[in-house]
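Given next, in structure tokens, is a single chain: the form predicted on its own.
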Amino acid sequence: MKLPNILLTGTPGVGKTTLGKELASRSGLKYVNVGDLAREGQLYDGYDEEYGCPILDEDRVVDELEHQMQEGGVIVDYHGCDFFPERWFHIVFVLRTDNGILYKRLETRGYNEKKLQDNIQCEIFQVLYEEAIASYKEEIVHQLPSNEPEQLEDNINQISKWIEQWVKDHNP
């Protein structure tokens, strides 16, 4: 049976991981958090002193994921999306969160002031939505609000319905 590949993207702190894990457990699709994948496989290309974090080796991440993505049925969670091959995804969801809520979430994670401000700016200027629109066909890119638990449930239901329909349409 053919299953779709889904990309969850958006600024850090918008709820990609919470949504992705819950969606995977309900849909049976496989969940891949690119940050965890990189940590486990040491898929890094140096260290960013300014942000206090390792630099992702995008080519190695793509090589690592290629086989699973060809098989299908994968939910990928990452805050960047322009380095993934366009052919991988059947649909892209960009999660969006109000700045006040996002600020509190990132503060709780212990982000330094520069990292905090840059991520809030990123959200204000819709940087990741613009990146998704530039990287994929516009008709497969959708924005979802991610401020409160009720929206999480709505998003899960909405994406689950989409998955069911996709599976019907692609498995005669």
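Predicted, not measured: the structure shown is a model, and the values here were computed from it. When you see a residue number, it is the position in the sequence shown, counting from 1.
Separately, the form predicted in complex with a small molecule exists; it is not shown, and the next lines address it.
Within this chain, N147 lines the site of the small molecule in the predicted complex, having a heavy atom no more than 4.5 Å away.
Proximity of I156 to the small molecule in the predicted complex falls outside the 4.5 Å heavy atom cutoff.
For the chain shown alone, K115 is not a contact residue for the small molecule in the predicted complex, no non-hydrogen atom being within 4.5 angstroms.
At a distance threshold of 4.5 angstroms between non-hydrogen atoms, R109 is in contact with the small molecule in the predicted complex. Stretch-level contact analysis of 126-134, 139-147, 63-71, 42-50 against the small molecule in the predicted complex, using heavy atoms and a 4.5 Å limit, identifies 139-147.
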